[in-house]
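The data below hold one chain only, encoded as structure tokens and taken in the form predicted on its own.
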Amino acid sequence: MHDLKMIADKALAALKDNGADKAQCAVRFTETHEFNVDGGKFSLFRTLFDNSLSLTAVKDDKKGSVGINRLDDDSIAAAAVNCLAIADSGAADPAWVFAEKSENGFFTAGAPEADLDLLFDRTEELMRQIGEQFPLILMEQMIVTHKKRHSVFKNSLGVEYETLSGNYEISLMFSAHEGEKSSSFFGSGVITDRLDVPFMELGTIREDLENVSKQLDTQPLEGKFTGVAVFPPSSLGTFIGSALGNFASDGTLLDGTSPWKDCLGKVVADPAITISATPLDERIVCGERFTGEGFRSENYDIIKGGVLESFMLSGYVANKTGLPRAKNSSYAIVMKPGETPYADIIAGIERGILVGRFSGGEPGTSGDFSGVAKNSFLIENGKITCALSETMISGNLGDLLKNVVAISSEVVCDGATVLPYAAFGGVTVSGK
């Protein structure tokens, strides 16, 4: 195994020797063990090794960055020259940020060492359970991996972090089939650092398999109505990610197009909504420990009780806009649960739609969205009824956040996020 600290030292020295005023580098070694299942049968087992080195330098307020995957001395020296050449050709910008030394650290997270025998057993167990419990499901692809990562981050201001981490990831792509009938495909998965629980019981894997099994006979929606859209954690995460990306992140704050640009400390959502970025939460597997700019990560609230507490800004954009820098750069989103059981939420809806998956383009900067609700069901008179064929939903992300019908008391942890089920009013649902 490479001496990552030595490589980082060589990279920093090479950047300084080529004239960098400030510099940073990150070197990583990754070992991946991967099982593949295609068509219900094991098709591949492989082990992959990957090295990477990223270099960043600022000279005369001009920034250059390069990445390489060869770690020998000649490659590092050539990359440093290239990095400074890129900086020299750029425009000066005094807003570039390098973290000052505060508290360096060695971080361990997850399960760095793989238990391959148990991983194989759990994978085989999941295949068997799917065949026994969900005979209509065709597993188009199953990828089960363990990744071990060892990395070192250093900058010229004395910041140094070393990380050793590892986790298992289960990624499924499947559809239901019976005779000539078939459902739309669906993806489900989790990240975990433990193998003591059957994969079937993690995240929403069982629920997703059950729902897709019921989607062989779909019906078109006649006409159009404005009603309630219920988002399970997977599709809720998609909508929250789009809302935060449009309203609270670097791009739209930097160009001034965010509808929330003047809303810090103001109400932007229903009081029931609290959304936090919490990579240090114990339910987040191998969460971020420091940002790409070298700052130690901390948990923070983005929206608390409906009030915008923080933007999700890098140090660079914070300097450009005069707004506060976010305390981490992750999307390890945790949403506070409500007080209503999921079953009671459904029971209280007169007419609505359960949105399994949303297929559409990215919303505009205004937050307007329109697309197809796939793997979805009609809700009528407090019951989930028929599976729907291609049905459109549309609305506005900002309005959605202000129009909460209910948030479930249950939450789902998939290793990357912790999210409830949520129902929002005012969504337009369109059929034929």
Partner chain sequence: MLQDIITPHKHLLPGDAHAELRAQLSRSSRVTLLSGNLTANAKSEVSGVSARVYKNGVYGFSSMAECSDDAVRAVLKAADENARFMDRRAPAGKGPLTPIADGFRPLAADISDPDQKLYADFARAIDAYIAEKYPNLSSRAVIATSDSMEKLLITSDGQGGHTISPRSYMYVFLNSETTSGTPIELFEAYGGSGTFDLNFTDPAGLYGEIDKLYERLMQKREGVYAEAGMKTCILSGNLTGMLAHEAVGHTVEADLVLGGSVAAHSLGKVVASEKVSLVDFAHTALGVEAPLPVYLDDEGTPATDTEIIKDGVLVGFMNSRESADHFGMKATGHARAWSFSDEPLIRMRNTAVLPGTDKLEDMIASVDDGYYFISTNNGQADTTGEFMFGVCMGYEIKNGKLGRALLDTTISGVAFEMLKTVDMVSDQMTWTSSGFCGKKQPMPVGCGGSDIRCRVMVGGR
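Numbering follows the first chain given and starts at 1. Given the structure is predicted, the values throughout are model-derived calculations rather than measurements.
If you look for the form predicted together with its partner chain, you will not find it shown, but the lines that follow are about it.
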message: I'd like to know whether Arg46 contacts its partner chain in the model of the complex, with contact meaning heavy atoms within 4.5 angstroms.
response: yes
- prompt: Hey, in the model of the complex, is Ala272 touching its partner chain, heavy atoms inside 4.5 Å?
  reply: no
message: At 4.5 Å between heavy atoms, is Ser102 in contact with its partner chain in the model of the complex?
response: no
query: With the cut-off set at 4.5 Å between non-hydrogen atoms, does Ser359 touch its partner chain in the model of the complex?
result: yes
- prompt: Looking in the model of the complex, is its partner chain within 4.5 Å of a heavy atom from each of Ile68, Phe120 and Gly179?
  reply: yes
- line: The one residue among Phe185, Phe134, Phe225, Phe107 placing a heavy atom within 4.5 Å of its partner chain in the model of the complex is Phe185
field: Contacting member of Trp96, Tyr342, Phe231, Tyr161, with respect to its partner chain in the model of the complex [4.5 Å, heavy atom]
entry: Trp96
- line: For its partner chain in the model of the complex, the stretch among 348-356, 291-299, 79-87, 330-338 with residues bearing a heavy atom within 4.5 Å is 79-87
- request: Any residue of 299-327 with a heavy atom within 4.5 Å of its partner chain in the model of the complex counts; write them all down in order.
  value: Tyr316, Lys320
